[in-house]
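The chain below stands alone and is given as structure tokens, in the form predicted alone.
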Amino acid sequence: MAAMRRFFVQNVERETILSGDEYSHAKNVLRLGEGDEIVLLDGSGKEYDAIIAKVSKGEMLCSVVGERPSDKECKTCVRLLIGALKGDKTELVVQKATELGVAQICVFSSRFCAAYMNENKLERLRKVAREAAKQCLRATVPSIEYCDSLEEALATCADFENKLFACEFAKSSDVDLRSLRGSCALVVGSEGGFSEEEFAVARSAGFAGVTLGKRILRAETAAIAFTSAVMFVLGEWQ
């Protein structure tokens, strides 16, 4: 049986209104109507079973009939810092990182970054994350933020137990990824990579250099592969 359709709302109450983009998707794309069963999500980590009680112009009234904790969220907090990528590549990374269970995503600008970010692009990334979260049955959406500089982005990771900086010119890794335990902050650059000075700044901020193998990976491949490897080591694939 197909999974029930899932929708994010700001707050879930006994009687909850579905409106905006979620309403449009439910009514115009999925053709849902009165009596259909759905799942409501408010980002709390809970799933709420609901029935569409009434459909009117611009909104659906949903009656909540049950709730349960989600079992799809990662037990360990992982934060991904990714240099802004050209075209729709940043969207691809956000989508896949969400599927892999990342809790936080920070897009940043750095010395060799050729892409730019604005509020419209940031909102688009948040929408991509919401859609990816629904598709992979998550009950929360990763937070998406932007930092104007690498230094600013690195400073947001002070409380993480493991700070890992993927660097294409690192000769070897400063840590053994196979021994990772606890929260992790992962940094991957844009298409232009990092400078030696940026690598030094990262190390001074407590980040360990990590090599992703002998081959040079595309930035989007590096971000997805790095995240996948860390999630596997943390036991999220078991």
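What you are looking at is a predicted structure, and each value in this text was computed from that prediction instead of being measured. Residue numbers here begin at 1 and follow the sequence given.
One more form of this protein, predicted together with ligand SAH, exists but is not displayed; see below.
**Q** Can you work out whether residue 219 and ligand SAH are in contact in the model of the complex, taking contact to mean some heavy atom pair no more than 4.5 Å apart?
**A** Yes, residue 219 sits close enough to ligand SAH in the model of the complex that at least one of its heavy atoms falls within 4.5 Å.
**Q** Would you classify residue 69 as touching ligand SAH in the model of the complex, given a 4.5 Å non-hydrogen atom cut-off?
**A** Contact with ligand SAH, no.
**Q** Would you please decide whether residue 91 lies within 4.5 angstroms of ligand SAH in the model of the complex, comparing each non-hydrogen atom pair?
**A** Residue 91: no, not in contact with ligand SAH in the model of the complex.
**Q** Evaluate residue 207 for contact with ligand SAH in the model of the complex, applying a 4.5 angstroms cut-off between non-hydrogen atoms, and reply yes or no.
**A** Close contact is absent here: in the model of the complex, residue 207 is far from ligand SAH, nothing within 4.5 Å, heavy atoms only.
**Q** Can you work out which of 191, 49, 59, 36 has a heavy atom no more than 4.5 Å from ligand SAH in the model of the complex?
**A** Only one listed residue qualifies here, and that residue is 191.
**Q** Taking 4.5 Å between heavy atoms as the contact cutoff, choose which of 144, 166, 100, 133 touches ligand SAH in the model of the complex.
**A** Spelling it out, the residue with a heavy atom inside the cut-off is 166.
**Q** In terms of non-hydrogen atoms within 4.5 angstroms, which of the given stretches 59-67, 41-49, 209-217, 27-35 touches ligand SAH in the model of the complex?
**A** Selected stretch: 209-217.
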